[in-house]
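Next comes just one chain, in structure tokens: the form predicted on its own.
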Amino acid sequence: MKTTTLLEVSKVNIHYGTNCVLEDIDFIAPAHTITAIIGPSGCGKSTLLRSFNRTNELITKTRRTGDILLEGREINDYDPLDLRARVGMIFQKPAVLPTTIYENVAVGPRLYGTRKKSELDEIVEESLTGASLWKELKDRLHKRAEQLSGGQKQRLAIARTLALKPEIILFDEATASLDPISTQKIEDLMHRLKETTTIIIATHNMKQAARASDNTLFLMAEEGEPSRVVEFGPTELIFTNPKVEKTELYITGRFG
């Protein structure tokens, strides 16, 4: 499959008030790949991830400089709601709405103007199928989503995102609260999803980054300094033959 650059990050700096937390960040996310963002706790993995769909703007006194391009277009030129439909996000704690499984998936399309029940039915089935949930839940669509297991809730959140046909899905420590079997299901799902979308994950789990991603971005801050990119490249090389000693020390657990 031919890949092209879908997301390009160039010279990005992010400030909270007067405090610069990320400095001079550069990397690209090719289409139909999985990119892992790794680094010590507090290094800004989630902050960087949230900048890709502008949810950082919901935090007061947050400021970004530099360029983030989606298909060559600066993301500030997109309407925020349209951008967040194109760049979906899955969070650490499975987020389901206090309503039925069906309505959890249909809510986004309804918000964007889909009203016909036949169209919504089709979207719900396609989205649940895409999230590997249709066979499990097709006879329970009008049951409350809160009754699902943690792993099912996380896949339902993915289905809700898929209902808007995103180009990118961001996973922010999305398996951190799940058991190993549910984690494996999510990772398997990521690999299937990259056939039609692009995946970017923030994770503290080195084994997950090594087995699930195509490319890895390592962020780290020196004491008193903002975080910067230490190394970025194909995951296999990052984990077997890193160019920077700090990368090797971190992924082998000798600091961080």
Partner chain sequence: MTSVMRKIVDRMMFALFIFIAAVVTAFLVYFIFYIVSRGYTAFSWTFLSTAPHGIKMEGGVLPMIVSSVYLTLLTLLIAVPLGVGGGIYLAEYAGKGRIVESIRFAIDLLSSVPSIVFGLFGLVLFVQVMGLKYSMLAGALTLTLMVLPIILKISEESFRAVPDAYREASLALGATKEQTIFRVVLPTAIAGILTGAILAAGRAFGETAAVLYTAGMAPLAPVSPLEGGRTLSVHLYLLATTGHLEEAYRVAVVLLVIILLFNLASNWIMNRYRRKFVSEAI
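Residue numbers count along the first chain shown, from 1. What you see is a predicted model, and the numbers here were worked out from it, not measured in a lab.
A second form of this protein, the form predicted in complex with its partner chain, is not displayed here; the remarks below concern that form.
Only one of 129-137, 83-91, 181-189, 67-75 places residue heavy atoms within 4.5 angstroms of its partner chain in the predicted bound form, namely 83-91. Checked against its partner chain in the predicted bound form, the candidates Thr55, Gln208, Thr197, Asn215 yield a single residue with a heavy atom inside 4.5 Å, and that residue is Thr55. At the 4.5 Å threshold, heavy atoms of Lys116 stay clear of its partner chain in the predicted bound form, well away from it. In the predicted bound form, its partner chain sits within 4.5 Å of a heavy atom belonging to Arg110. Mapping the unseen interface onto this chain, Asp121 falls outside it, with no heavy atom inside 4.5 Å of its partner chain in the predicted bound form.
Although the partner is absent here, Glu103 sits close enough that one of its heavy atoms falls within 4.5 Å of its partner chain in the predicted bound form.
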